[in-house]
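Given next, in structure tokens, is a single chain: the form predicted on its own.
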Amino acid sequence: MKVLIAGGAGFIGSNLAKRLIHDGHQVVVLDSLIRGNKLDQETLENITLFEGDVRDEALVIEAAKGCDLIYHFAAVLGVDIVAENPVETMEVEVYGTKNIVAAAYANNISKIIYASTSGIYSSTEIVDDVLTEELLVDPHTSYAMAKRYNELYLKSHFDERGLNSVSLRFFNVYGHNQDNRMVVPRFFEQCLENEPVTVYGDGKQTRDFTYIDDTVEACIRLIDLKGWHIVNIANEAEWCIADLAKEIKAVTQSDSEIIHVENEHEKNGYEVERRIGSSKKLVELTGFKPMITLQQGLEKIYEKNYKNQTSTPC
């Protein structure tokens, strides 16, 4: 197939592009590159790159020409950036998705796979120890509300015009090529520099960490799915942030001290106490379940990204 990845120079998108090329697909990437480019040289040599904003409808339509499928991963990311830019965050989501849909119709593309977020659940009560797609969600932030709007916007296009779509609720994806705005690479860098590992609050808040290879595999497995769906991409393992810090200290053999600092994210609604997702629906639809444990994933990151760094002090 020929596939467009909007936001394809980001963390998940760049890993997905590499996998699609490996599988023999043609890949087109649309990305503003404002916050960097995570596409390696080999991948860049094997894609068509459109540099620009997903809010530019004409550009999106042009990038999608001849494509069979669109992955829509373009977004403003990072709690600090999102919190400081709520208008841009919502405009990129809402106008960007409108343009992706317009590009699909203009180019006779019948399927969109959209990057939603587990942040939509916000403080939704966890039932039977996991968050499922059937729960009534309670988004609080501009980012989460825009993601939820887009899920329903895509549903409306399926109901009215038969445009197939899957909205992926990602649960704390981590792995190769992630930048240190996110907790896992931030902890790695602090440990490798023997700096204090800064845990927000008491560190008892929990997350469900899903390794990038499992995430990409799920994205691939859902290519042929018809209809309108919301699907969690989750590992079904609940880890508190304090224990994550300890695991990364162990992997890096660091002497860093773990310290607790004020959690500024609590002030703007981005922090929740618990988050763990059900992968039951993903398994039912694809037969695939994310299986890489957090310990295994952290070891993979260390081996691939850090082990041979000569500057590592530990």
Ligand code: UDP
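This is a predicted model, so every value here is computed, not measured. Heads up: residue numbers just count along the shown sequence, starting at 1.
Note that the form predicted together with the ligand isn't included here; everything after this is about it.
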| item | value |
| --- | --- |
| Close approach of Val183 to the ligand in the predicted bound form, 4.5 Å, heavy atom | yes |
| Interface membership of Glu271, the ligand in the predicted bound form, 4.5 Å heavy atom rule | yes |
| Ser142: touches the ligand in the predicted bound form, heavy atom cutoff 4.5 angstroms | no |
| Interface membership of Arg275, the ligand in the predicted bound form, 4.5 Å heavy atom rule | yes |
| Contact segment among 153 to 161, 89 to 97, 127 to 135, 195 to 203, judged by heavy atoms lying within 4.5 Å of the ligand in the predicted bound form | 195 to 203 |
| Contacting member of Val79, Ala102, Ala237, Leu225, with respect to the ligand in the predicted bound form [4.5 Å, heavy atom] | Val79 |
| Contacting member of Ile113, Ile230, Ile241, Ala218, with respect to the ligand in the predicted bound form [4.5 Å, heavy atom] | Ile241 |
| 4.5 Å heavy atom contact with the ligand in the predicted bound form for all of Tyr211, Lys249 and Asn305 | no |
